[in-house]
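The data below hold one chain only, encoded as structure tokens and taken in the form predicted alone.
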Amino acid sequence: MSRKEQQDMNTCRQEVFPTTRKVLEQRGFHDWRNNEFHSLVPPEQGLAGPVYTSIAYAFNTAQEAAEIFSGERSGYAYPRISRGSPTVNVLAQKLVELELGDGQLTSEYDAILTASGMSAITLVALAFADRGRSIVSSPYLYGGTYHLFEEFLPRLGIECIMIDDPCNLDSWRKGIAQAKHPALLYAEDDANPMLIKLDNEAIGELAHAHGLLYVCDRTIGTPLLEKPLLAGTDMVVHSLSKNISGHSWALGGAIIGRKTLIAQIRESYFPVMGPVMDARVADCILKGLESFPKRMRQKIGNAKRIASTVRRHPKVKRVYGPGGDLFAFEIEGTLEDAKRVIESLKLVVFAPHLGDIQTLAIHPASTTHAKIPKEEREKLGITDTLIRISVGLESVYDVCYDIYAALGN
């Protein structure tokens, strides 16, 4: 280096670098060395702890970078290809603890958090039922899951066998025998909206006897009512937007299972599809999680009392449930009669959601399950006159009055 070049370099160090840093600081520049996880964006203070909104995390060494990218070391790099963000990871660990209980093998389990419940279900299906393999499933499913299994996965060469009766082990055996190359059994426990209750332990044992996985959607019942992972279920999935979050403020999903299974998803379709949960969403769900047990117990108690009252109305043919905080009822009459009832509700909100602190109602045949052919819907008990109620925290008497008044219109 010439003397002039050396002088220019010294000038740059003394004048340009400090000036550049000052300008960057004015524009929100953040020194990544000043925080625990080396995030390029400073963490914000959330009610449930620090919220790391950064989408990139710096490395100390090339070796550290290589190990995090390869999965040899747990750490943060870029949310799509590592463990999300520190905030997301805090929520993941809390969900593992919720599923297993205190001190129950939590070190052997892990969770992947996703942008929605449907993205969680899709990841499981793609990661474990590759092209040419089969999923054997209960037909009592959320409408979006049914649509995924019946229409989209077959386009990818994944066969989906819908069994007749998920409460009957022989029906599962028949489905396994019918499948060309089965990979996993799938069911929704406390199924929406018919609230079918399953013997998860027996189904898990059957799956393992055939070398298969058993995956259970526990969105409705939640870990408060049952912990299937302790009874032999391999993985559980959740729409975290429902009861666990509980306030209609965050969209997200979760897959929880043994670390080896979660690693298989994390190292295959997750980085390719990129259904990453945002840190702010994780913070919202963490806040909802703080009130989860107390909130759910009250909602479950309310649901039992409201369902018992609705059952006595002369226009109500049948009540299904409650399962958790959810129940459904079928009325005398026609499709138009059901629409009139749901449109007449004043306190109860007509909305395509469940698990909120507000009581919500929906007409499944024309909304959440509308893409299922009518003949198939009716086999599942989802008739034109079925109304689903997700019970909230309002006065039981007010909700009962509102439903009775709507039934009288």
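Residue numbers here begin at 1 and follow the sequence given. Source: prediction; values computed, not measured.
Although it is not shown, the form predicted in complex with a small molecule is what the next lines describe.
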(request) Flag this candidate site as yes only if 100, 222 and 257 all have a heavy atom within 4.5 Å of the small molecule in the model of the complex; otherwise mark no. (result) no
Among 306, 176, 251, 196, just one has a heavy atom within 4.5 Å of the small molecule in the model of the complex, namely 251
Checked 291, 106, 116, 264 for heavy atoms within 4.5 Å of the small molecule in the model of the complex; positive is 116
Counting only non-hydrogen atoms, the one stretch of 146-154, 213-221, 293-301, 331-339 within 4.5 angstroms of the small molecule in the model of the complex is 213-221
ask   = Is there a heavy atom of residue 121 lying 4.5 Å or less from a heavy atom of the small molecule in the model of the complex?
value = yes
request  = Flag residue 270 as yes or no: does it have a non-hydrogen atom within 4.5 angstroms of any non-hydrogen atom of the small molecule in the model of the complex?
outcome  = no
Quick check on residue 320: any heavy atom within 4.5 Å of the small molecule in the model of the complex?
no
* Would residue 242 count as touching the small molecule in the model of the complex under a 4.5 Å heavy atom rule? -> yes
